[in-house]
Structure formats: structure tokens, C-alpha cells
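Here we start with a single chain on its own, the form predicted on its own, put down as C-alpha cells.
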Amino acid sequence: MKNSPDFAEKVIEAVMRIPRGKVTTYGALATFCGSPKSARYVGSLLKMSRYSSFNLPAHRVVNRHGMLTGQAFFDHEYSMKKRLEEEGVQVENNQVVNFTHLFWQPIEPL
């Protein structure tokens, strides 16, 4: 399931739906897309997305504790932290402040 093109497409579609100023987790995306144990694979997909031609808001995806674990894959001049802060998300010590309040569950209606 997780290696199917359908799974990757579902992940991309779900990431595109994350509202500005909100964050979600790799695990929440994996579960929503039908493969609950594929959080690391979701991370790999998002890492590869930096080579795509469209602007995927991968900066809105953090680990289950609200940590910016994917930040190494962002341009240093326009970092994951900077992108989040531009959307009003406060980050301290590489962690989203008030993570539970800013968490977006992919099943929520937009």
C-alpha cells in the first residue's frame, strides 16, 4: 500500500490541504492516507518533494511531538522555521509552540 502511486498521491493531496498557520504530523498523514505505520515513508515523500515543480507546503508537517525534524531539507535562507513563522506559527528550540492547539487532523473539514 505505502509504495503505491495512489498512496503518494493521497499524501500530496492531504499536505496541500493543510491550512496556513496549522501543522500536522507524518503519522497523521500516513493514517489518513490508509497506511498508519508509514510515517517515515511520508517523510521520505516530502523530502523528495523539494525537487518537484509545485510548491508543496511540507513545512507544515512535523513529528508527533511538534518538532521540526524535516528542517534539514529546506533552504537555509528560507527555512522551515521561517516559513512557519510567516504563517503565525511560533517556534522555539525547533519545536512548535502550542502544538496541540495548532495541530490539524487531516479528517477535519476545510
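All residue numbers are counted from 1 along the displayed sequence. Note that the structure is predicted; figures quoted are calculated from it, not measured.
Only in words, not in the display: the form predicted together with the DNA, which the text now covers.
Interface membership of residue 58, defined by any non-hydrogen atom within 4.5 Å of the DNA in the predicted complex, is confirmed. Under a 4.5 angstroms non-hydrogen atom cutoff, the DNA in the predicted complex lacks residue 79 among its neighbouring residues. Although the partner is absent here, residue 41 sits close enough that one of its heavy atoms falls within 4.5 Å of the DNA in the predicted complex. Using a 4.5 angstroms limit between non-hydrogen atoms, residue 46 touches the DNA in the predicted complex.
The partner is not shown here, but in the predicted complex the stretch 9-34 reaches within 4.5 angstroms of the DNA through a heavy atom at 25, 26, 27.
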